[in-house]
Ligand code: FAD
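So this first bit is one chain, no partners, the form predicted on its own, shown in structure tokens.
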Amino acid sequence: MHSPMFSLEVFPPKRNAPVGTIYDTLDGLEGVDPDFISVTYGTGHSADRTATARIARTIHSEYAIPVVAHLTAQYLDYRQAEESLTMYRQAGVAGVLALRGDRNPDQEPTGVFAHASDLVSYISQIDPDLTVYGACYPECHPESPSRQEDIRCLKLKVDAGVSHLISQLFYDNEDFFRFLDITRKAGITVPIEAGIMPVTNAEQVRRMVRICSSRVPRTLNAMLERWSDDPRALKEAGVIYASEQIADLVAHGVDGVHLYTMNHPVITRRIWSNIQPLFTTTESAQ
């Protein structure tokens, strides 16, 4: 383990892509030393659950890295939820990240788990020994009517059984520090990892900040405008920006950093090379 924690997120290959591409990503991460890797999950198709479980098993058994598997709530019924958890247990997961999940206009929600907190409660009932992770939005959930309501819902999720939170992306650390202050005052005391998504593509950044309702600070906006037509230069600037974000977060004593790799192992390795000295290996990991 590291102090603070350091973790990564990867996603399964697209359905029309060769399954072996995930090995390219995982092999490319050699030398990076995460405390765990989380594996994303789609809207709820059985193929999504199978892919996530298969990759979780690979990370656990072949790479000997603890793994957290995502599970989205709104398109699951009780049977599917239990089947997913069974697959995850068999894959050797260290925990489950319970999410509501994005809306799919071509699929009707089951109505069983309307919110992530509903799924968290169910997992806590049927498998109380399983570590349950949750997501949070430093700049407020885009569908929440207010910051106060967003924090109230987050507290419900923690009270239902979430023992570890991972934040969505943000590009101004002051937004995350304000969020931490509010959550702690609200009585949310579980570890909160700061989610960092490196800048690799200008359009991707603008799309993600729209989805997450995140701010683009002036410094980042200048980078996007200056190098939007120069992908190589933008990636270089993105590595520096993410590294400096992480250094500032660690200096301020955050619980951990969760790096969204976007399956770009080279960029992940370069960022880890920059920040590795900031993360102390604790005795429990030795």
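Bear in mind that the values here come from a model prediction, so they are computed numbers and not experimental data. In case it trips you up, residue 1 is the first one in the sequence shown, and so on.
The same protein has a further form, the form predicted in complex with this ligand, not shown here; the description that follows concerns it.
The shortest heavy atom separation between residue 164 and this ligand in the predicted complex exceeds 4.5 Å. Residue 180 falls outside the set of residues with a heavy atom inside 4.5 Å of this ligand in the predicted complex. Proximity of residue 150 to this ligand in the predicted complex falls within the 4.5 Å heavy atom cutoff. At least one heavy atom of residue 144 is located within 4.5 Å of this ligand in the predicted complex.
Heavy atoms within 4.5 Å of this ligand in the predicted complex map, among the stretches 133 to 141, 183 to 191, 76 to 84, 196 to 204, onto 133 to 141 alone. Residue in contact with this ligand in the predicted complex (any heavy atom within 4.5 Å), chosen from 158, 123, 116, 93: 116. Taking this ligand as positioned in the predicted complex, the only residue of 236 to 274 that brings a heavy atom within 4.5 Å of it is 260.
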